[in-house]
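A single chain, nothing else alongside it, follows as structure tokens in the form predicted alone.
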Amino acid sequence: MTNDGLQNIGGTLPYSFNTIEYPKVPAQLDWADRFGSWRCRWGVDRMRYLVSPGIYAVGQPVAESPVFVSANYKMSFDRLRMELAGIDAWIMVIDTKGINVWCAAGKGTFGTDEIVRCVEEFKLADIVSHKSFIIPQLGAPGVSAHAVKTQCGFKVVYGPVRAADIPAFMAAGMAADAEMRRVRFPLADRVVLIPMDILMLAKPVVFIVMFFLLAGGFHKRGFSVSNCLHTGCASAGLFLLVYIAGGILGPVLLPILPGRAFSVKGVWVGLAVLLAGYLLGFRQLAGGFSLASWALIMPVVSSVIVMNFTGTSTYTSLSGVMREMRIAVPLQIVGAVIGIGLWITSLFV
């Protein structure tokens, strides 16, 4: 069996079973694995951070050993194998296009058809003597256990939400208690996602910053470099300030920000930054058209970036996100257009 993703997995060795060699991966991560995860958190080669679909061995698995199903997003794969220390197991990696289990389940790539296809392609029935495999609970929305059983004969066992609970889950005879089924999204989990969420919109942000820098050079007497350096830079700085504040304060304060919709939660962040800037005496918030423009622009910017966090949060559902966007996006567009219009007007009065 070949595996083009093996260069991404430290310490891989061949493992011979039933005259066939499978890649054997260690349960411990090396520095390259951890550095790769860090780079991925910052959006570097995010969509190429994957392992090849296939069967992997952890420990010394035999025909009776359990089978865990994983996405081919390497961070998901690494989290799983880390928790299999001391457990002899097989990992069946399916092709989720480099997307994690939860998101792939929502998109349909971690789903019934792909699991059944991989069971047949990788000849799982020839490897193990039992007829069951374990999938993460967060993959359940994309998998029909009944359909899997009917199509390939394997029973789906839903594992715990968190990979860290796998040892206890296995010790309990593959039974998860209520705590293992509880989906949590604590501060640490939210904070670690901030860099990627901020950088996700980096390209349009650069263009908007350039717009403020250049457009800020215009005034009622024409165009001047001095205005670019003062009005332009100040405006670009305010935009970046509220953008970064939305990207950081939104996730950090998510549970306590007023409102159910993420777009509404983001508005409060923008208003807080606006108030702080006004109290600190920012020249762009001194009054008139300029203050009115930023009173619209800031809440809109923070609303957009916090709403973007819906794709990262376990608080949301696809239908809920789509419903929110149908209402919020038109309002954000109108607010942005009016705000920019007022800002441009402020340059000439």
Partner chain sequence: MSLKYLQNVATLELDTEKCVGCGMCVTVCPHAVFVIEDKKAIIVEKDACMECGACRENCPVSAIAVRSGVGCASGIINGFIRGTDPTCDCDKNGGCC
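Note that the structure is a prediction, hence the values are computed from the model and not measured. Each form is matched to the other, and the largest set of C-alpha atoms that superpose within 1.5 Å is called the rigid core. Numbering follows the first chain given and starts at 1.
Omitted here: the form predicted in complex with its partner chain. The next part is about that form.
4.5 Å heavy atom contact, residue 131 to its partner chain in the predicted bound form = Residue 131 lies outside the contact set for its partner chain.
message = With a cut-off of 4.5 Å between heavy atoms, is residue 340 one of the residues that contacts its partner chain in the predicted bound form?
response = Because no heavy atom of residue 340 falls inside 4.5 Å of its partner chain in the predicted bound form, the answer is no.
ask   = Looking in the predicted bound form, any heavy atom of residue 34 within 4.5 Å of its partner chain?
value = Judged by the heavy-atom cut-off of 4.5 Å, residue 34 is well away from its partner chain in the predicted bound form.
ask   = Any of the heavy atoms of residue 122 lying within 4.5 Å of its partner chain in the predicted bound form?
value = No, residue 122 stays farther than 4.5 Å from its partner chain in the predicted bound form.
query = Taking 146, 200 and 308 as the candidate spot, are all three within 4.5 angstroms of its partner chain in the predicted bound form by heavy atoms?
reply = Each of the three qualifies.
ask   = Which residue, 218, 158, 278, 268, has a heavy atom that falls within 4.5 Å of its partner chain in the predicted bound form?
value = Here the answer is residue option 158.
query = Out of 254, 127, 205, 228, which one falls within 4.5 Å of its partner chain in the predicted bound form, going by heavy atoms?
reply = Here the answer is residue option 254.
query = Based on heavy atom distances of at most 4.5 Å to its partner chain in the predicted bound form, which listed stretch, 182-190, 228-236, 83-91, 241-249, is the contact stretch?
reply = Going by heavy atoms within 4.5 Å, the stretch is 182-190.
ask   = Heavy atom within 4.5 Å of its partner chain in the predicted bound form: which residues of 256-289 qualify?
value = The stretch 256-289, when checked against its partner chain in the predicted bound form, contributes 256, 260, 261, 262 at the 4.5 Å heavy-atom cut-off.
query = If we fit on the core, is the Cα of residue 321 displaced 2 Å or more between the shown form and the other one?
reply = Where the cores coincide, residue 321 still shows a C-alpha shift between the shown form and the other one that is 2 Å or more.
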